[in-house]
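Next up: a single chain in structure tokens, the form predicted alone.
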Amino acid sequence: MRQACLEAVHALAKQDPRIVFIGSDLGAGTLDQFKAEMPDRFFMEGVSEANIIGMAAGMAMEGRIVYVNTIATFLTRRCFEQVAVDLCLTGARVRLIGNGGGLVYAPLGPTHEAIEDLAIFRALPNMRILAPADANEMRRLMPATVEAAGPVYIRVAKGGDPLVTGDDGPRELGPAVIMRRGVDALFVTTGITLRLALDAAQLLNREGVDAGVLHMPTVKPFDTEALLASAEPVSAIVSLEEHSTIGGLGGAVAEALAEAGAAGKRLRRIGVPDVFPDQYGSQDSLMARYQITAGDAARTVQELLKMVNGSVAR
């Protein structure tokens, strides 16, 4: 997914002379072809992310469209004030590409695990948040980031993630995607958890439970209309995210349902609990530790349906 994102930036820059790329200590070889072809629009800065946001804001104020790429925690935690004041307050057209959203950097521990990045940026006015499920979706949506108003945060997974979307999905920021319709339960996903939800829906289907899957590649602005329409026939709703259960996708789902007065719905948010991950390992091992798996998602739906009507199958 990361490679697809960077390749898209390169391709877009060849078409649009306003596009500039800034990297922060990304390592040798990153976008070498971009650098060779457009050296005046390629900058590789050191470990000084707050300064880079200021650079990007200044360029944007002069009419450039700036793509900044570094580790997600450095863009969100370390640069919060600069992003809030220099980008969001001014509406600067800067696109923040956050490597390793979620638990990707599990081997490096909690300092590098971006489990609150969506919550941090959801709170900022004028910020848009994009979290594609795979490389296909990244390629489809990247062109829409060029003309988007204000700053955009692009959450990038580790790369090599299974392809679960095709070429016929939306090509604009904002709309949710109905991946599967269901009448008993609904999974709401963003990023790589789409794959888990699709697998969970298949597991439930074997048990006679018809579960839908609504995918949110754009977390902000949030497609409330699509959520309410997909939620209308079901009694159990489960949000699934590689993020804290506080303030991210699950928070957005809960807010939308509560404000709409959605009666008779059971909601459960699956994600990282209110902790700093205390184990080193792999992305998969930490997701399993916090029960962010297809099996756990399917069991959660069954538990909710039992609360509603005392049975799992219809």
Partner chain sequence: MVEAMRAGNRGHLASAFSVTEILRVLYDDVLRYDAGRPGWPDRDRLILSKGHGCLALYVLLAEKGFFPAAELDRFCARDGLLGGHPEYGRIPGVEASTGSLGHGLSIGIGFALNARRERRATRVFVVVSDGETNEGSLWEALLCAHKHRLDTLVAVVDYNKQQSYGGTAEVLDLEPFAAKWQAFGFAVTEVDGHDTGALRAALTGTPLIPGRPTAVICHTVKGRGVPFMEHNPHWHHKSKLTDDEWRGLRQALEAA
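As the structure is a prediction and not an experimental result, all values here were calculated from the model. Positions refer to the first chain, counted from 1.
The form predicted in complex with the partner chain exists for this protein as well; it is not shown, and the discussion that follows is about that form.
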request  = Tell me, please, which stretch of 205-213, 82-90, 152-160, 109-117 lies within 4.5 angstroms of the partner chain in the model of the complex when heavy atoms are compared?
outcome  = 82-90
Within 4.5 Å of the partner chain in the model of the complex, all of 43, 55 and 58 (non-hydrogen atom) = yes
request  = Counting non-hydrogen atoms within 4.5 angstroms of the partner chain in the model of the complex, say which of 298, 292, 20, 305 makes the cut.
outcome  = 20
task = Work out which of 259, 284, 62, 32 lies within 4.5 Å of the partner chain in the model of the complex, going by heavy atoms.
result = 62
inquiry  = I'd like to check something about residue 51: if you look in the model of the complex, is any of its heavy atoms closer than or equal to 4.5 Å to a heavy atom of the partner chain?
reply    = yes
